[in-house]
Each structure stands twice: as structure tokens, then as C-alpha cells.
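Consider the single chain below, provided in C-alpha cells and representing the form predicted on its own.
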Amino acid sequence: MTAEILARADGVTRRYGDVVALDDITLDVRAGELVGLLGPNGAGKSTLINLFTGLRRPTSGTVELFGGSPLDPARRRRVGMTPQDTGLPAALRVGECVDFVSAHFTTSVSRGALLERFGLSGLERRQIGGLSGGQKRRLAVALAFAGDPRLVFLDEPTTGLDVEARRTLWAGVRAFHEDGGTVLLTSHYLEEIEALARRVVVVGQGRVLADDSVEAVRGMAGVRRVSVTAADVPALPGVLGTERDGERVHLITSDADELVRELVRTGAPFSGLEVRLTSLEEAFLAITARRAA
């Protein structure tokens, strides 16, 4: 049985004057999905979220939220959102802020459970102005889940967080998804998309360039990573990128077999040969570069 479509963009174009932010995009988000939305700056990721949440209207095409208009307050109350930029009232205490947001919904998550999920327990009486930048960001993300939503949009949720805080936030998002919640998130941390998303949508120049599982998107790039331990690797044909990590050298290529043959022909000493699929980051760069070309 096909899962219910919670959000849909059908042939959507959005212009800002002469700038085309989205160009005839069609995309569905179904119940139970955790979708990672990837794209360079200016690709239209935030615009798409703003359309789904009713903050912007399309220039042309149709946007639906729970089968109706995103401008319908009843439908919007079933959604949580954290935008890229948030401003929380510095004078309010954390608990007061959570209670204020929760009061806008017919059902809500208990304050204690919400703060615990995002690593903010014990801060209920702390004024928001006295929180660290990371704590403020985690609170902003936590508030997206306060109204017990079915669908949450997170736009660059972990920007500015250290590794530990980022992983705490990931755990909170995973818990929501494992309970049946649906999430669409954007991120510049491709590690984050790989850690959380089951489906990846790559956008560029206002269009959908790829839409599939993490593994499939890696494969779409048509490139492999060849890694060896070597003091020096001579210039080789077909190398799209090179990275050194200590004694290991990583070569990105579209023809791993030919690259290995060329490496052997040079007679350069190496060991520890490994050939694998690219990372999501390498695939993303290859897909967007191909589209730009």
C-alpha cells in the first residue's frame, strides 16, 4: 500500500523578479519518510520549504499540504518548522517559550519530554538570552516538534553546532521518525544527510537533479574512490579529484579499473588498494557539476 502524500509540489515555479528560484519542480513527501534535500546555495531549498509551509506562494504550479492549501491554518497546525534563521525572545525562560509555542496547538508534547529529547533538560528556568549559541539552536529545533506534528521541515538545523550537540539533535530527529513522524531537512553537512535520511533529493538551478536512496544517488554519480597507501602518486589520466589523508591517497575517477592499471604501469610503489563507491558528498558534487556543465 502506497503511503499517504503529506506535501506535494506539482510543476512549481517560483520567481523573485528576474531570478528563478524554482523551475517546474515536482516533488512528493510521503508519510513516514525522512528526506534529505541537498543543493548548493541558491538552489531553491529554502524556497521549497517556504512554499510547503505557506510562507510563500508559487508563481505557477500547485503546492499541497495534507491534500489542501498550505495557507489553511488547520493544515499548518499539523506541521513543525525550524527555518535557517530564528529569533527567540531573550527575556523569556526556556520553559515559558516552550509553553507559549505549545499553546498554539490542539495537542502538544510535554515540556519535559521535549527538552529531554533535544538535550535541554534542566534549562527550563534559564533565560533564553543566557543560553549558548548551540543551546539556542537546539531549542529552535525542539520547538518545531512542540505541537506533536505529523510533518516537520528543518532548514539547516545543525548550523553552528559542535559535533556532540549535532549528534544529540540527530537522536531527537531519529526518535520522532521512528515513532512514525515525517521529516524533510536540508543540510550543508552531508554526513548529516547520510546519518539521517533514507531518501535524498538533489536540487540545482531550481530543478530536481536526483531523487532516490542514499546508495542510489551515490551510484548515479558514476564515479569511484580509489585509495592507496603511497608516499607519492604520479599524475594519472582520468583522475577527477585527489585528497591526501596522512599516508593514504584518495583518487576520484569514473573508471577505477583503468586508473588502477595506469597506476601499476607507472611502477610507483603502493599498498592497501581499496576501491569503493563515492561518499554522498563526492556524488553530490559530481551531479551538480554535471548539471552546471
Partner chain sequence: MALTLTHARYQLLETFRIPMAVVGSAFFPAAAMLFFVVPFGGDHPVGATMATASMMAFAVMSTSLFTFGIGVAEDRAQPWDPYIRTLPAGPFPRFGGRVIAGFAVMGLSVLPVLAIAALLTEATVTPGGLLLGLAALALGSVPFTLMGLTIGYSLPSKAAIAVTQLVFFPMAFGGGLFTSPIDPPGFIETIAPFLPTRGVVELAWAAVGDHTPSAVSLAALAAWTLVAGLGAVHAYRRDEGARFS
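Every value quoted in this text rests on a predicted model; they were computed, and no experiment measured them. Numbering follows the first chain given and starts at 1.
Below, we refer to the form predicted in complex with the partner chain, which is not included among the displayed structures.
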Next on the checklist: At 4.5 Å by heavy atoms, is each residue in R198, A216 and V223 next to the partner chain in the predicted bound form?
Outcome noted: no
Item to check | Heavy atom contact within 4.5 Å of the partner chain in the predicted bound form, the stretch among 161-169, 179-187, 69-77, 205-213 | outcome: 69-77
Checklist entry - Quick one: is R56 in contact with the partner chain in the predicted bound form, heavy atoms, 4.5 Å cut-off? => result yes
Item to check | 4.5 Å heavy atom contact, G122 and the partner chain in the predicted bound form | outcome: no
Next on the checklist: Quick check on D99: any heavy atom within 4.5 Å of the partner chain in the predicted bound form?
Outcome noted: yes
Checklist entry - in the predicted bound form, does L143 have a heavy atom within 4.5 Å of the partner chain? => result yes
Next on the checklist: Counting any non-hydrogen atom inside 4.5 Å, which residue from L115, M81, V109, L131 sits next to the partner chain in the predicted bound form?
Outcome noted: M81
Checklist entry - Judged by heavy atom distances of 4.5 Å or less, which residues of 90-106 approach the partner chain in the predicted bound form? => result A91, L92, R93, E96, C97, D99, F100, V101, A103, H104, F105
